[in-house]
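This document contains two forms of one protein chain, each encoded as structure tokens and listed individually as structure 1 and structure 2.
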Structure 1
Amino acid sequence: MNIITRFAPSPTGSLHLGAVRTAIFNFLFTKRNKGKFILRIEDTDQERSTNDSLDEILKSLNWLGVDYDDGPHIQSDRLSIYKKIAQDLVDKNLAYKCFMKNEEIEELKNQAAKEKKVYRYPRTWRDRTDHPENAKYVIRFKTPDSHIIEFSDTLRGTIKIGSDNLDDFIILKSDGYPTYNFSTVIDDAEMGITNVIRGEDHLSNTSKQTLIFDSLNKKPPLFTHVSMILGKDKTKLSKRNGSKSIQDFKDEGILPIAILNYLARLGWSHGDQEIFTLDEMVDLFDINNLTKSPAIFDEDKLKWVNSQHLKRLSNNDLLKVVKVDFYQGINIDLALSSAKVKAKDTIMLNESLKFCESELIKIGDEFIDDLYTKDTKEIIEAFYTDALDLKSFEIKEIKDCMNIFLEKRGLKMKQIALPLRIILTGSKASPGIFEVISILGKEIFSKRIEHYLES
């Protein structure tokens, strides 16, 4: 059987982490099985759907590298299909037109609330034929009585729900737009979707969708309802406890592969391995290794995963990520190799490499007390004199030179390393001091030291 999956976001806001994770699971599962991955945009909520949200979804997927094989299919372009099938169900007595007004429904809901009961539509129009002319109506599915609804879930086994727990739910709204449960079934059936991996919050929808599949004489896909992503406080992930958009993470210097890697590991595992390339995830992903245990989002862990991927990047690939205009004469390869060891994100990486952008740098006033004392200037000038005798500015030669210098003068490393770091980088945070000197090279090193000594 050819595997066909889909990712079907609603363009009502930014992609949240739960949606991105299900996209990743479907993507990896499909690629692993050499199937087809479809992108479908479920924009039937016209009040909340926007083109800006759609654009952000497409850009986020593209940036993440979650490539789809078909689509995007836009549901609002398919309204005539949903209307026709809804009418077909009415003609077969599997659905019916309901003319109950919103005011009547609200009154019934308020009455149920007063009586502390759960509101259920009272089937007022289920068997009536006295339809008013030119009146607005919705189409409701005729839920069978005393029927056991059964579907399979790869994580939870066979699930059975009694139809008496459901009311006659709406499948087509009065504005001609389908409801989610109706349109998603029509599209899954027509697109030949074989597997649906989604959040467990959709479990309550699956029984309704199974009824619709049955009414169409279509076989439902195999479902996998994965656990929700929770915040550290074990509550549903929200902006209050850490939820961010993909654009937020991009702006904070997180790599696409780090997000893919981290989110894939929230609910899936392969032994104790933590860090994966995309190819490794595709090769190793097994739907049977998904878990239904709640997944806890930990931003610190995401940043650690990001730092590991930064370290793994080749310098050629790293050059595509950093936004640094390296000055002529800078040892770019060494600069990148040194900076990525400590960087947790690309912002930190860029900051640590700013000293590589020009011949001279500006030293902030906050460093005056660290640099402009008689002892400090004497120490820097003496070391500078020794360094000028070096035949090469390789790290080993610089390290040997400094160790001899410190031993000869009875100094500690911090007495020279801190001021030297500030003079050469304009910061207290940078790659190691030996690496910094080697990165700059003899000419730029000399000009920055002389500029300091003359000030």
Structure 2
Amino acid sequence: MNIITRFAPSPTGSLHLGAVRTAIFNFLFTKRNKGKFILRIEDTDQERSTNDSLDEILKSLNWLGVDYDDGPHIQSDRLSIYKKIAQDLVDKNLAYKCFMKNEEIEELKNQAAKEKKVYRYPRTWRDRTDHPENAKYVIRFKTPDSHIIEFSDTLRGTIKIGSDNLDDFIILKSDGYPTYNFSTVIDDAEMGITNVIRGEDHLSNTSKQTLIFDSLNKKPPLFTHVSMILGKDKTKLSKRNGSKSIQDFKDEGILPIAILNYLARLGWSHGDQEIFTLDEMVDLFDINNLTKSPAIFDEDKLKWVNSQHLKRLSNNDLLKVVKVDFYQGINIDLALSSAKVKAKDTIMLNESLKFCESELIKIGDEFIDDLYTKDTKEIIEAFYTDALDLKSFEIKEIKDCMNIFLEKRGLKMKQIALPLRIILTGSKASPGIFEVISILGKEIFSKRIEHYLES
């Protein structure tokens, strides 16, 4: 059987990590099995759904490289379908119209809270036929009494829940929109979804959805409820405990593959391997090899994974993510090679390559003490004179030149490396000094030294 899966976010905010992880699992699983991956937008909450959110979700998925084969299907385009099926269920006496007013429900909820009980809809309209004319109503599902609801989960086995724990839940709201449990089931059935991979927080919804599948005479898909990602405080990830959106990570210089890798490794593993390419993940991913317990999000490790991918990136690919205008004459290849091994994110990378952007660099006032002593100036000038004689500005030549210079003058590397670094990069932190000189090349090197000597 061909695998068909879906990722079904609701456009009520930016894409967050938990959602992204289920998207990744669906994506990997589907690719692994050469199936079809559908994107479906569950915008049945008129109040909270926004186009901006939808745009951001699409943008983020695209940036991550989580591509879908079909969609996005928008649920609000399909209202007539849900309405019709809800009405069918009413006609079959499997659902019913409920005319209870909001105020009445509020009252019941308050009452329940007072008695420290959980509110349950009292089935007031379940069997009534004295329906008011032109009044607003919702459609509720007739949850059967004392029935054992059973469904299976590929990770957790068979799960059984007594129907008495559920009340007559709403499937169609008074604004004519379906509720989540209803539209999800209809779409999963209509779209031929074979595998539903979603967060563990949906486990309790699955019992309701099983009931709906039954009422529709449809076979439910195979469920896999993936463990949740928790914040540092061990509760569901939310803005409160530091959850960031994909956009945030992008802005912080995290690579898409690092997010994919880190998030996939949260709950999934392949022996001791920590770093995966996308192809490797697709190749190795096994839905049956997921951890059942929740995992705490650790930004330090994400950063580390990011640094590992940064190191592995080819200079060609690196050029696409780096935001540096290399000045003409800069040895870009060498610059990238020496910068990428040290950076943890692309922000750092950009920062460390700043000295490559122009012919001259600005030297901050804080370095005056380090640079403008008579000795320093004299040493730099002397080394400069030697360096000018070099035919090639390869690292090796520069190094040899330096060693001869130091020996000749009885100096230590330390005495010249720091000022030279500041003069050439405007910073105390940079790639190795020989690399820096080689990256700049003879011309820019000379310009910067002369500029210093003249100041």
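Take the two forms, superpose them, and find the largest set of C-alpha atoms that agree within 1.5 Å; that set is the rigid core. Numbering for residues begins at 1 and runs along the sequence of structure 1. Source: prediction; values computed, not measured.
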Any idea which of the pair is the form predicted together with the RNA?
2
Does Lys412 move appreciably between the two structures, meaning a CA displacement of 2 Å or more on the superposed rigid core?
yes
